[in-house]
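Okay, so here's just one chain, in structure tokens, the form predicted alone.
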């Protein structure tokens, strides 16, 4: 999804593209990983030095509510992470040791079996899927120290 397409989504939902909202959205769109609100705030203040953290949170909440951004509250992390999703969503494998997030290239909910099972009894609006374990580096360190 392009920035202009994201702008169209906001307009359809009756929202304006403020300069701060634009910077929050662009920051997330350009990031290669999910970001905390503090990380987004640090990037936004480079462009808008007087923006408040509260303004960043309000914009993250709005962008999440309209479906452009995904908020995840990953296990063993004390803060939420935000990621631009546009018209696709993402899932991660998270290392329990170093907390590295590795993006998965598939969605288990989109499998035919899961879709058929849920379609009969439940209408999916959104979902989250996370896998926890150890990345290759941490697995190697754990086996080397054993």
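Residue numbers count along the first chain shown, from 1. Treat the numbers as computed from the prediction; the structure is a model and nothing was measured.
The form predicted in complex with the DNA is left out here; the points below concern that form.
- When the DNA is considered in the model of the complex, only one residue from 31, 55, 64, 97 comes within 4.5 Å through any heavy atom, namely 55.
- The closest non-hydrogen atom of residue 59 lies within 4.5 Å of the DNA in the model of the complex.
- Contact check for residue 118: no non-hydrogen atom falls within 4.5 Å of the DNA in the model of the complex.
- Interface residue remark: residue 38 is counted as part of the site for the DNA in the model of the complex, having a heavy atom within 4.5 Å.
- Remark: residue 12 does not count among the residues lining the DNA in the model of the complex, judged by a heavy atom distance of 4.5 Å or less.
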